[in-house]
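Single chain ahead, written as structure tokens, the form predicted on its own.
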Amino acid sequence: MKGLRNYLDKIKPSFEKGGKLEKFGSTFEAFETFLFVPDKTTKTGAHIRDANDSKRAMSVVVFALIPALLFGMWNVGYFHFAATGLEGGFIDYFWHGFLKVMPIVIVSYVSGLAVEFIFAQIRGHEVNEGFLVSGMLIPLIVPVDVPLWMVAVATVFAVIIGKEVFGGTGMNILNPALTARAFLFFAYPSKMSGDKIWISDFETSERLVDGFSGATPLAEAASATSPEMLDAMHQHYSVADMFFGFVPGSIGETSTLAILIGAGILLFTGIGNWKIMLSVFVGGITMGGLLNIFATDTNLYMSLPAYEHLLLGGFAFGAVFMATDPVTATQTETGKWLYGFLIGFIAILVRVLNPAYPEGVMLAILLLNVFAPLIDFYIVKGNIRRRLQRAKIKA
């Protein structure tokens, strides 16, 4: 590492102001600060001095996503072999999933970072590090068979419309990864919903097991029109299957266990916010419990046990990695509780009562992203009013 540091110091003057490669200064700075802690020091004012800058924080989030990524690769291979009836073992499953998932990851990073570097060069600013996380989140929340060109288009759209038009990292009001998923969902709905999209090569395979539909437990529960169909869903996928992740779904959203391991990493390092995570789950279980109370025969989805909603679809992934985005979430302590609770509450409400959209997590988070500043505004305003009231009483 010392040799690399010396080499960077040697070529650095060329990228500084007045150097031959001055126009590429932001690109050089991006690679340098990714490899080494910045050596910049403050000159005036009071500042927090910490080696854990935003790049280091983003790297921790990416590391926390690795369990979900690795399990997702294995799960992709497992269901491919299950659907086609081919025989294989752990390595076969993982290798197939690796070959399917890695191109999506690469396309996401290449297309997103290309836009980031272009905007940095145009503005003459440093390259924003926020896409280190978004570039990994986007592949984990899409189906495995989504066309790569769609991933590239959605990623470019998310970076430009979801972030850069607002001023870049730290200024955006919507989560960029969810913006990409929303774009795909509404622009190419056939590639983001249905039964066949969750199993790799399902539509093109010439060899499929009879009766294998590829439907997710979420889809089966939403389409249940009789208690027998709901029981059949539980026969196909047990609660343990839902928790460990042995179900079809988006690449990184199936295993609640892998997601909770990532949550543990975020909480241990102080990067993630436990208040938002907990309140999302509380909101979800509250809404699920209310629906259980008022369940009717016309909507059997309402009778699904409340705790199962927390294991299905992208609920856990959204609670841990999406809702906790420090830029788009609320900033006040009380606001974090309200923000998270409403996400969980609305997600289950949309999931159960909207027959056209049996998920709900994406829409709930994007909706609360928009309302987060308003929540903080009224929390701060209320605190000021109470302090002024106390001051009058003392006077």
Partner chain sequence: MSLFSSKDLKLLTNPLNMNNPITIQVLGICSALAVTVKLEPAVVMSVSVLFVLALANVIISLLRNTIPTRIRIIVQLVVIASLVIVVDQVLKAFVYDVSKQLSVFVGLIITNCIIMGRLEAFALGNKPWPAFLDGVGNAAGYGVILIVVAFFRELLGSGTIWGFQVIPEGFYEMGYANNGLMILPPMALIVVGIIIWIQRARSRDLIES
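Every value quoted in this text rests on a predicted model; they were computed, and no experiment measured them. Numbering follows the first chain given and starts at 1.
What comes next is about the form predicted in complex with its partner chain, which is not displayed.
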| property | result |
| --- | --- |
| Candidate from Trp149, Phe294, Phe268, Phe90 lying within 4.5 Å of its partner chain in the model of the complex - any heavy atom | Trp149 |
| Selected contact from Tyr237, Phe281, Tyr301, Phe119, since only one has a non-hydrogen atom within 4.5 angstroms of its partner chain in the model of the complex | Phe119 |
| Any non-hydrogen atom of Leu257 within 4.5 angstroms of its partner chain in the model of the complex | no |
| Interface membership of Val156, its partner chain in the model of the complex, 4.5 Å heavy atom rule | no |
| In the model of the complex, Ile161 touching its partner chain (heavy atom, 4.5 Å) | yes |
| Heavy atom of Tyr188 within 4.5 Å of its partner chain in the model of the complex | yes |
| Proximity to its partner chain in the model of the complex (heavy atom, within 4.5 Å), stretch among 258-266, 179-187, 79-87, 225-233 | 179-187 |
